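Consider the single chain below, provided in structure tokens and representing the form predicted on its own.
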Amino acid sequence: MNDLNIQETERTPEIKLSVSDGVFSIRGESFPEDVSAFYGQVIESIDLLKENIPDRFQVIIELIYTNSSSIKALYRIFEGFESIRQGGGNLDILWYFQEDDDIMEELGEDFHDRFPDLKINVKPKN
């Protein structure tokens, strides 16, 4: 299982996965030209984690903007988190939004509602 370190661009978020530290983070804006190509390796890496579940796994999401195609990719990533949880993984998911960003707050709440067994904490970024 390899770590990921994808640099942020104008159209894509920074994504980091450190298996040894048990941390996955995604920060920035997400509207890649080819969502499947960009998120494919991320989804694959999350899916592989269930074979080597860290004792504790922290997820930090700080999105400023995301398009509908990216939301679908995020849904697949969250399905991977749910699979890890079902396999005995202990995940803490922090979904940060800018205090005045109702859209990102509601999106975090939507994921919270769709995946009720995951511990998703939706809160404003200080």
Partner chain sequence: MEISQAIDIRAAMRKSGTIMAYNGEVSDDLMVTLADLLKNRMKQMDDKKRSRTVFSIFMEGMQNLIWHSGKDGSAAGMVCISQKEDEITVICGNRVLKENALALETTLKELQAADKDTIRQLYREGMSKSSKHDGPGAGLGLLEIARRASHPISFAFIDVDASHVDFFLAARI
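Everything quoted here is computed from the prediction, not taken from an experiment. Numbering follows the first chain given and starts at 1.
In what follows, reference is made to the form predicted in complex with its partner chain, a form of this protein that is not presented.
- Residue contact check for residue 21: none of its heavy atoms lie within 4.5 Å of its partner chain in the predicted bound form.
- Of the heavy atoms in residue 101, some are within 4.5 Å of its partner chain in the predicted bound form.
- Among residues of the shown chain, residue 16 is not one whose heavy atoms approach its partner chain to within 4.5 Å in the predicted bound form.
- For the chain shown alone, residue 94 is not a contact residue for its partner chain in the predicted bound form, no non-hydrogen atom being within 4.5 angstroms.
- The candidate site formed by 67, 72 and 106 is fully in contact with its partner chain in the predicted bound form, as each residue has a non-hydrogen atom within 4.5 angstroms of it.
- The listed set 51, 55, 33, 44 contains one residue whose heavy atoms approach its partner chain in the predicted bound form to within 4.5 Å, identified as 33.
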